[in-house]
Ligand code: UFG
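Below you will find one chain, with nothing else, as structure tokens; this is the form predicted alone, and questions on how it binds or moves follow later.
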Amino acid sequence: MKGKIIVTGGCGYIGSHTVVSLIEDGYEVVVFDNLSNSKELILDRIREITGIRPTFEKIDLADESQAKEAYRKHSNTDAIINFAAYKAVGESVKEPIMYYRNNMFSLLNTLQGQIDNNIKNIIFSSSATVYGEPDSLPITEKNETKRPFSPYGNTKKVAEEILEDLTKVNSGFSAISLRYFNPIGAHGSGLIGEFPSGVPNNLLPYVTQCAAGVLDELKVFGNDYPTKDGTPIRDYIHVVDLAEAHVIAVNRLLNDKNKSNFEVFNLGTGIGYTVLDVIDTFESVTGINLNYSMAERRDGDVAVLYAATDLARDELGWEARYGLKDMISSAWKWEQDLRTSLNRL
């Protein structure tokens, strides 16, 4: 084994794909998750893909005593990848205290666990929402970070500031913050993918559940944005590409290749698509006509977000490999396999 990595939120969407990539790269993985928006059966799916079922600890990292014991138990860890957070933009607007409590306490308890047990490296799951309404496009890492429009986004911005402050006073502590744009798609095996509890908050599982007949209608939130068709533009990235970037970031820290104790990288494709572009591509790829209608804008959303990815290419040697059709076809395969599995239960 190359080393031991704790993945918080490792049963979740991005977390589970990252666990697969870490195992395939030769790491021992321990998953911390409270299963609030994920299923433990994902660990068995990871074993089907990799041949290894990662060690699992059911832990609420927002609980100080649980977090302290968990990090003490796994003190012989080389790095942490932190996905443990609530992530629904609209819900965060309605429930800000819940989001600040969970997302900030989980991070603070994790960082304290690292300090107490001399775990020197962390990869932080951040978001393009830290840029707020961008002043220029494409968005580079030099763009100003602003007060995001949602409490969810603000937890990411504040978390980055905490990490930056900590690395300034602790010379032995290193952090890389990966600012995602819009992850979609699923593992090529069809065994893991996005599996939200309740009505999805993200576009593609909303689309695939409508196509599968789980939901009756797809709501497109806002058709009056200043874009070609009035719907928001986003930079969609395949979750497998995203997972591989985390492994590269871990390798960078463990091999002392980082150029400062706190680094940030955008992860996207550099291409922006409207919501209607995604719907049209889904219909073209699958041959299924979607039942959708327009709705009012959603609180916390901005009009246009897409990345400049030069820094990730030049420093990490990472570039997205998959296009929109690949992302959509893998997500649809996952949705079909998921429904078949659930019908057997």
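Each form is matched to the other, and the largest set of C-alpha atoms that superpose within 1.5 Å is called the rigid core. Sequential numbering from 1, following the sequence displayed. Not measured: the values here are computed from a predicted model.
Omitted here: the form predicted together with this ligand. The next part is about that form.
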Problem - Interface stretch in the predicted bound form with this ligand - options 163-171, 228-236, 92-100, 242-250, non-hydrogen atom within 4.5 Å - result: 228-236
Handout entry: Three-residue site S36, A67 and Y71 fully in contact with this ligand in the predicted bound form at 4.5 Å by heavy atom
Key = no
Handout entry: Distance check, D301 to this ligand in the predicted bound form, heavy atom within 4.5 Å
Key = yes
Handout entry: in the predicted bound form, Y206 touching this ligand (heavy atom, 4.5 Å)
Key = yes
Practice task
Using the partner position in the predicted bound form, report whether V264 sits within 4.5 Å of this ligand, counting heavy atoms only.
Solution key: no
Problem - Interface membership of Q114, this ligand in the predicted bound form, 4.5 Å heavy atom rule - result: no
Exercise for the section: Sort through I119, V220, I271, L191 and report the residue having a heavy atom within 4.5 Å of this ligand in the predicted bound form. Expected result: V220
Practice task
Would you kindly say which of T129, S125, N109, T155 lies with a heavy atom within 4.5 Å of this ligand in the predicted bound form?
Solution key: T129
Handout entry: Members of 270-286 lying within 4.5 angstroms of this ligand, judged by heavy atom, in the predicted bound form
Key = V275
Exercise for the section: Spell out whether the Cα of F105 moves at least 2 Å between this form and the one not shown when the two forms are superposed on their rigid core. Expected result: no
Problem - Yes/no, F149 Cα shift of 2 Å or more between this form and the one not shown with rigid core fixed - result: no
Practice task
Indicate whether Y225 shows a C-alpha shift of 2 Å or more between this form and the one not shown, with the rigid core used for the fit.
Solution key: yes
